[in-house]
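The form predicted on its own is given below as one chain in structure tokens.
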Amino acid sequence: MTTKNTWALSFYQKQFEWLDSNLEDKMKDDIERQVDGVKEQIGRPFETMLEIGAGWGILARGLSKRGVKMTTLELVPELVAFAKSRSPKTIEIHQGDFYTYELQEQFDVVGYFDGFGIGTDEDQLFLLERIASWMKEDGCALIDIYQPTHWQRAAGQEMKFERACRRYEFDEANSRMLDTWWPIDKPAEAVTQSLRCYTIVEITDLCKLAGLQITGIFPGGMMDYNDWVYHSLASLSDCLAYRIKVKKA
């Protein structure tokens, strides 16, 4: 199986092109909070971690500074090059498709943050099975899951960045959030990502099919679109995404 979704590579390439490359420097405090959250959710000492869909490598660098031996896997060559330019050599960085790339090592922790749901349910099941194969027998995985009711409410919302605009929509029939970006004044160049949203029941059933058991659920934050204020903590019914901790069943 390979990534059939032709939008993925072009979308993340364009998103990287249009975002501020100094974003990491502006996020220092937030990165520290994210690292603290990951370590707290894992709940025990760990030495090795694989992060798939690692993007800019920001979280991997934060965890590496805390003594974790990090390995990353990212599809987009430009993101991999950027991560390598900023990362210490102690982080092992791979470029490839996480549906097909072969990693022989197993890890204490596997992480997939902000991106699960790219393909079909069958694709997601296959990926969960791969994640299980990368975990040590006593290991765990942390995976961010997009929560449908938040994205139903977000439909139609738009925002503007320095070089690009963004609009959210929601595909009710397939429970997918649609996230469209375009350069300012060039809407014809728009690219869209489409991520499957899952209820707790749906993702629990999918994990069971993959031989995984959910042992923790951690709600994330939410955006109040009336006041345009982001709240870092929200209920499961309001959060834009929740994180699950899974172990081998």
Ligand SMILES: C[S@@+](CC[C@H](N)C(=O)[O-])C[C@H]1O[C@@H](n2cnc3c(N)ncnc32)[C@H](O)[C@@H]1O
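Since we're looking at a predicted model, the values are computed, not measured. Start at 1 and count along the sequence shown; that's the residue number.
What comes next is about the form predicted in complex with the ligand, which does not appear here.
Participant: Within 4.5 Å, heavy atoms only, which of 98, 82, 170, 107 is in contact with the ligand in the predicted complex?
Facilitator: After the contact test, the surviving option is 98.
Participant: Heavy atom within 4.5 Å of the ligand in the predicted complex: which of 76, 135, 164, 154 fits that? Just give me the one.
Facilitator: Contact residue from the list: 76.
Participant: Can you work out whether residue 18 and the ligand are in contact in the predicted complex, taking contact to mean some heavy atom pair no more than 4.5 Å apart?
Facilitator: Although the ligand is absent here, residue 18 would stay clear of it in the predicted complex, with no heavy atoms inside 4.5 Å.
Participant: Using the partner position in the predicted complex, report whether residue 118 sits within 4.5 Å of the ligand, counting heavy atoms only.
Facilitator: Contact with the ligand, yes.
Participant: Using a 4.5 angstroms cut-off on non-hydrogen atoms, would residue 244 count as touching the ligand in the predicted complex?
Facilitator: Contact with the ligand, no.
Participant: Please determine whether residue 92 contacts the ligand in the predicted complex, using a 4.5 Å cut-off between heavy atoms.
Facilitator: Taking the distances in the predicted complex, the answer for residue 92 is no, it never comes within 4.5 Å of the ligand.
Participant: Heavy atoms within 4.5 Å of the ligand in the predicted complex: which stretch in 155 to 163, 135 to 143, 83 to 91, 109 to 117 meets that?
Facilitator: In short, 109 to 117.
Participant: Between the ligand and 8, 12 and 53, in the predicted complex, does every residue show a non-hydrogen atom at 4.5 Å or closer?
Facilitator: Every residue of the candidate spot has a heavy atom within 4.5 Å of the ligand in the predicted complex.
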